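Structure 1 and structure 2 below are two forms of the same protein chain, each written out on its own as structure tokens.
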Structure 1
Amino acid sequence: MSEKTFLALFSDVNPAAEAIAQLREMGMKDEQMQVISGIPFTAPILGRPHPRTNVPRMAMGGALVGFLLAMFFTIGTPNLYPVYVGGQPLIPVPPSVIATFELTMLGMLLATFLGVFLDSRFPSYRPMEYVPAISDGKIGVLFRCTEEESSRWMDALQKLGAESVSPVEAVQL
């Protein structure tokens, strides 16, 4: 049984959200659908399950790594190679706070950035289902179904206000 990907394009968010709800009522599973859009819409607007994101967790992890690195620099290295300066203690607390802060933040932000890449599987230069109209602000609903079922979904979507519903091929973006 061969499954194909279809794309329904909407101009407005309301018809798109309605269509998604309708499709779900008609028995299409959430996993079968995917919304692509030129501006960010939240899951509640579209009536879609909340996508899972690891970015905040990654950020926390990065912050921890940065913090530990800072601890190594400010406490570890002076102990490894003691050098005394200006009558200050070998491990000066206030300056260490600064280094710790900067490195923690750096770790966190680097991890956040990296998290976007990991979570979104960036960069991916494989062919993907996409039409340039999306970046013109259209909202696309991608769904996968067998060819037999496709006409049913296409008709339903067209009735719900989709500008066009058509099968899409994965193309080189």
Structure 2
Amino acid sequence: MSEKTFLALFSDVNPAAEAIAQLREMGMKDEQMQVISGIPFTAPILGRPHPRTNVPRMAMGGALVGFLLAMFFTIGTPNLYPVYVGGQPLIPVPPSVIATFELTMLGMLLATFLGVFLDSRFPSYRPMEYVPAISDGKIGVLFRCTEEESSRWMDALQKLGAESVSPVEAVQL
């Protein structure tokens, strides 16, 4: 029982969303479907589950590292090397607040960039599905199923408004 990948092309987002909902009702799991389009549609528009991401956790971790680094620079360094200047406190508060804010934000921004970069799996060296019609504004629903079930799914998608349903192979770009 080998699995094959099929592509259903839709000209509009509404029939594609209805087809995804219908496929789910017929028993296809979300892990078996993938939507590709030239326009970035959000998951709720297509009735898809919200994608899980680690970016917020990485951003918070970066902010914490930046904050700890700022605390070391603003509190630790003056205590390690005390220099008293004519009546001024050893740790001046206004400049310390500014430096702490800036280093916290710098840590968060760097971690967010790294998180988005890693979460998008960029660069990808594995074969990817690409269809020129997607660049022309079509919406594609890729789905995997066994060869025995393929005619059932293909007929259902044709009835739901797919312009074409055909088998595809991943190719190296």
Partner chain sequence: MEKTLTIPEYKADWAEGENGKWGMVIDMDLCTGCQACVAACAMENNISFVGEEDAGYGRTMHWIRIERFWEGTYPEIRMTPYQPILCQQCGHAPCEPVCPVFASVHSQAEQINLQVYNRCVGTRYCANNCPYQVRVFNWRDWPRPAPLENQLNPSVTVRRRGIMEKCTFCIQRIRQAEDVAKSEGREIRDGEVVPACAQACPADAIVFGRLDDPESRVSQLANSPRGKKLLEELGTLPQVTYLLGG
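Take the two forms, find the largest set of C-alpha atoms that superpose within 1.5 Å, and that set is the rigid core. The shown structure was predicted, so the numbers you read here are calculated from the model rather than taken from an experiment. Please note that residue numbering is based on structure 1, beginning with 1 at the start of its sequence.
Here the chain taken from the form predicted on its own appears as structure 2, while structure 1 comes from elsewhere.
Candidate list 151, 51, 94, 81; rigid-part hinge between structure 1 and structure 2 assigned to 51.
Annotation: rigid-body hinge motion between structure 1 and structure 2, rotation of the minor part against the major part equal to 13 degrees. In this core superposition, residue 115 moves its Cα by 3.6 Å between structure 1 and structure 2. For residue 56, the CA shift between structure 1 and structure 2 after superposing the rigid core equals 4.2 Å.
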